[in-house]
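Form predicted on its own, single chain, as structure tokens, below.
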Amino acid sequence: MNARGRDPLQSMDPRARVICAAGLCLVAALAQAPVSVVPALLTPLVVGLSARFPFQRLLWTGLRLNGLFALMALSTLPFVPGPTWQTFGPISVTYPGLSLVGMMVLKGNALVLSCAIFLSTMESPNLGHALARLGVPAKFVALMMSVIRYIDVLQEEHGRMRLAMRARGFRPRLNWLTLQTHALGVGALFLRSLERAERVAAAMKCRGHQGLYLATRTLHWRRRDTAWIMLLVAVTAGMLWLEWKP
């Protein structure tokens, strides 16, 4: 048996993976009770463990994401009215504020895990092909595929610009010169990106590109894909039950 047959994710139809990721993200975003978000968080986690997903790749992203949640909590907790839990000087932390922070953390991690588990290991042409077959507009698919393909190019360009700035003795500080330098860097990166995009568009037209991306494999819907969709329906039903139970 090959690796694809052993991996439940790689054996899935790309359309099923897109539907599962979109469904989990949708129900997690619409949930109102913290306990109802737990199934949307555990489902991609269990799937990733069964598929031996390299979770260490998500460690740094998860740390930054939860750091953003902490920053949002510090900016929102003092302004949420309700019964007070603790008071720190002029700042009062309320029970509704804690519930809001918990919902942000649970929902954010559920969204990131769902997209990472079901979509990050998929080849970009297969993702574009699946979106097109699901009825997503062709222009949107082409735009998204271009972003996926060339975001690494922009990161490399930004890295070269930062290296050049450090070679010239630039050291970021909290002052006006640093802000001005970063603003000029963003402008230069935008202009270089525009020039590169024009060259790439001209090269693609010379090669006969008509706005469509070819997939590397033919899509075949199997019974196991239907089983995955039924699993998604069961998870959604469980979340609705947890949401509406007395």
Partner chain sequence: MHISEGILATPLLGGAWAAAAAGLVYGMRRTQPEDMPRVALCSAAFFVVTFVRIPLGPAHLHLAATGLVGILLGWRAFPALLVALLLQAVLFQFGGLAVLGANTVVMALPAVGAYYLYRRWSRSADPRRIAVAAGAVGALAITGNVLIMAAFLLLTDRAFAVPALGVLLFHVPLMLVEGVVTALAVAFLFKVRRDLLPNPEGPP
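Between two forms, the rigid core is the largest collection of C-alphas that superpose within 1.5 Å. On a predicted model such as this, the values are computed, not experimentally measured, just so you know. Residue numbers count along the first chain shown, from 1.
Below, we refer to the form predicted together with the partner chain, which is not included among the displayed structures.
Q | Residue (of A70, A188, V35, L42) lying close to the partner chain in the model of the complex, criterion heavy atoms within 4.5 Å | A | The residue from A70, A188, V35, L42 that makes the contact is A188.
Q) Is R168 close to the partner chain in the model of the complex, meaning a heavy atom pair under 4.5 Å apart or at it? A) So R168 does not count as contacting the partner chain.
Q) Given that the partner is absent here, does S50 sit within 4.5 Å of the partner chain in the model of the complex, heavy atoms only? A) No.
**Q.** Any non-hydrogen atom of Y95 within 4.5 angstroms of the partner chain in the model of the complex
**A.** Contact with the partner chain, no.
Q) Any chance T84 has a heavy atom within 4.5 Å of the partner chain in the model of the complex? A) No, T84 is distant from the partner.
Q. Hey, which residues along 123-147 are within 4.5 angstroms of the partner chain in the model of the complex, non-hydrogen atoms only?
A. Those in contact are S124, L127, K139, F140, A142, L143, M144, S146, V147.
**Q.** Core fit, then S146 C-alpha moves 2 Å or more between the shown form and the other one
**A.** Indeed, S146 is displaced by 2 Å or more.
(Q) So, superposing on the core, is the move of R199 at the CA at least 2 angstroms between the shown form and the other one? (A) R199 C-alpha, core-superposed: shift of 2 Å or more.
Q) Is it true that M103 shifts between the shown form and the other one by 2 Å or more at the Cα, once the core is aligned? A) No, the C-alpha position differs by under 2 Å between the shown form and the other one.
Q.
I want to verify one pair: R64 and D152. Are their C-alpha atoms nearer or more distant in the model of the complex compared with the form I supplied, knowing the change is 3 Å or more?
A. Distance between the C-alphas of R64 and D152: longer in the model of the complex, by 3 Å or more.
Q) Between P125 and E156, do the C-alpha atoms lie closer or farther in the model of the complex than in the shown form, with a difference of 3 angstroms or more? A) Relative to this form, closer in the model of the complex.
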